[in-house]
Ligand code: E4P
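Form predicted on its own, single chain, as structure tokens, below.
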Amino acid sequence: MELIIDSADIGKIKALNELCTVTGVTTNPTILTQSGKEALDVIDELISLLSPDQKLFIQVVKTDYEGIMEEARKISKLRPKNMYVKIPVTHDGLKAIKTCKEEGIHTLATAIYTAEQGFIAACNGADYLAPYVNRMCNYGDGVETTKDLIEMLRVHQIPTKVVAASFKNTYQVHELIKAGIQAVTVPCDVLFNMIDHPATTIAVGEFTMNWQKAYNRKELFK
């Protein structure tokens, strides 16, 4: 399974990249604006931070077909490999995903709220599908709908990967990993919550205290 970070916070991304085996980073226009920096500068920082084998996903801003294609072609050339264009599943976006497939541009279909939207984008040639799990819960069960999408792709043997997005808690991530999802893109705070647990800190403190009490030192070797 691919573990992807959904953020433009360079400091947190760097820290998590050192802690975890990270497949790549996803961004969107809102995430880039929240960085407090010029968006293109953040993109340059991400390109410098990630290794060539890690994936970077950048979303188009224009919403008409011609504009989407113009930006998609430019985004795809930002790196020699592992560069993906995020395109929302609007009418113009779905049309653009088909064209990108024809031109060899890698895409992630985003802003997906139903399994049907995701399935159509997969049929159009999207490499990844990003259902908005938590936001989908406003209209039903986001986790179950994402599981339906996974199953639809499996039954029809479509190789497109589901990279679930829009997580607000670790439970949502847990359920989809358990269901066999191919990828998740997780905000930094949620990912830190997946790693950290107060009981772990307590246990380590007990180990140190018992060791120091017995041997009067805090290291294994003298």
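Please read all numbers here as calculations on a predicted model, not as lab measurements. Heads up: residue numbers just count along the shown sequence, starting at 1.
What comes next is about the form predicted in complex with the named molecule, which does not appear here.
- At a distance of at most 4.5 angstroms from the named molecule in the predicted complex, all three residues Thr26, Thr110 and Tyr132 contribute at least one non-hydrogen atom.
- Proximity of Gln172 to the named molecule in the predicted complex falls outside the 4.5 Å heavy atom cutoff.
- The named molecule is not shown here, and in the predicted complex it never comes within 4.5 Å of any heavy atom of Lys37.
- Contact annotation: Ser166 falls within 4.5 Å of the named molecule in the predicted complex, judged by heavy atom distances.
- Proximity of Lys86 to the named molecule in the predicted complex falls within the 4.5 Å heavy atom cutoff.
- Of the candidate stretches 41-49, 188-196, 174-182, 158-166, only 158-166 has residues whose heavy atoms lie within 4.5 Å of the named molecule in the predicted complex.
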